[in-house]
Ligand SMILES: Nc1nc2c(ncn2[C@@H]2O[C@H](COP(=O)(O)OP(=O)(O)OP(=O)(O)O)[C@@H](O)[C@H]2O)c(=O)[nH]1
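Before any questions on binding or motion, here is one chain by itself as structure tokens, the form predicted on its own.
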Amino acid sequence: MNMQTFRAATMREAMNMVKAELGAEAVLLSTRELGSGRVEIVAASDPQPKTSVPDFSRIARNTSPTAVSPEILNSMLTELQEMRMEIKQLRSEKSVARRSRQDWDRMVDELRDLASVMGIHGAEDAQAAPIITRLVRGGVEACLARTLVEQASQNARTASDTLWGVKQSLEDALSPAPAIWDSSSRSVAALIGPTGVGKTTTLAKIAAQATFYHGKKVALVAADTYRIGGTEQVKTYAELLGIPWMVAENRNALAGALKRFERADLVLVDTSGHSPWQDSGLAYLDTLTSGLPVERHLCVMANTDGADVSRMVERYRSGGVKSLVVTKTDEARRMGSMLSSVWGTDLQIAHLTTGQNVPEDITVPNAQKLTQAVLG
């Protein structure tokens, strides 16, 4: 008997090797799976003539299990292993196809939801749909865009009338607040907001503008004692501008700073950044300014999602906000989130910042220009 061992990546390949080497009449002595997905077959051939392979179905009907030869059992096992591997592959392909179908259905549902929110159902919205799409592309939330267009179209006869009404609503909502340095009496302004929005740089711009261009006596208070280097940054700006400054690590220290700077026209307070979604950050502001005559001016980044801006403003408003400062407008691809920051509130935007240069990169917003920036 000629016995040989064959190894291959699949059972089918191993069987082909057996047939090519030993012929179709080869007898399978054993089969097993190796590591890395490979299989092994031990087969043998007999130089004596062999009868044809027995009929499995006949054996199953007429022969007891104990009468089946090892060769036949091995052959049956081989076929079963091949079938198992093919079934496993088919199941894998079916799973991939099912996931792809689920992803497709989810995308279709999201598009339908967006169309529903935007109110796009057919020809009756032919005038509204392009304006809604224009607003959404400008960064305005879909539901807010729909509300704007619905309000503007109530008394409109044409698409041009609707667009004119939308522009008027935008200009009204985006009308600016007075500049922080534009006050006839002494004021204390604390810049608040999440980490990384540029509060300290904005504070320096406001201080420089108020000092050099508006003749104000300005003082700085560094209350951001959490961030490494926060107080040093305020100190550097104060020395460059030639204005006094103090550190206030708590409410009592802040009260002392305000007492010391009681002759200043404008006192600017740099606060620590905290997550707007955690109550501890808002509690910090309440503790810091409790009972003190401090105005809060909320800084938000222009490239923040409109829905997030809206929720953020709502969180900070609970402690009182005088106005908004929209920072990093030069980094924003779309300006529509600014509308979400003021829509449905009595808040207005006091300043826009456009870069890192002090004091140049800060302006008082223009409602017409902001409207055009939103509409694109």
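Note that this is a predicted model, so its numbers are computed, not measured. One-based numbering along the sequence shown.
Although not depicted, the form predicted together with this ligand is the subject of the following passage.
Residue-level contacts in the predicted complex: of Leu144, Val197, Leu288, Ala238, one residue has a heavy atom within 4.5 Å of this ligand, and it is Val197.
The contact residue chosen from Arg227, Lys167, Arg260, Arg186 relative to this ligand in the predicted complex is Arg227, the criterion being a non-hydrogen atom within 4.5 angstroms.
In summary, the region of this chain contacting this ligand in the predicted complex, judged by heavy atoms within 4.5 Å and restricted to 201 to 209, 168 to 176, 152 to 160, 129 to 137, corresponds to 201 to 209. This ligand in the predicted complex is not approached by Thr10, whose heavy atoms all lie more than 4.5 angstroms from it. This ligand is not shown here, but in the predicted complex it comes within 4.5 Å of a heavy atom of Gly355. Taking the partner from the other structure, this ligand in the predicted complex has no heavy atom within 4.5 Å of any heavy atom of His351.
Proximity of Glu314 to this ligand in the predicted complex: non-hydrogen atoms within 4.5 Å are absent; the residue sits far from the partner. Residues of 331 to 345 that come within 4.5 Å of this ligand in the predicted complex, judged by any heavy atom, reduce to Glu331 alone.
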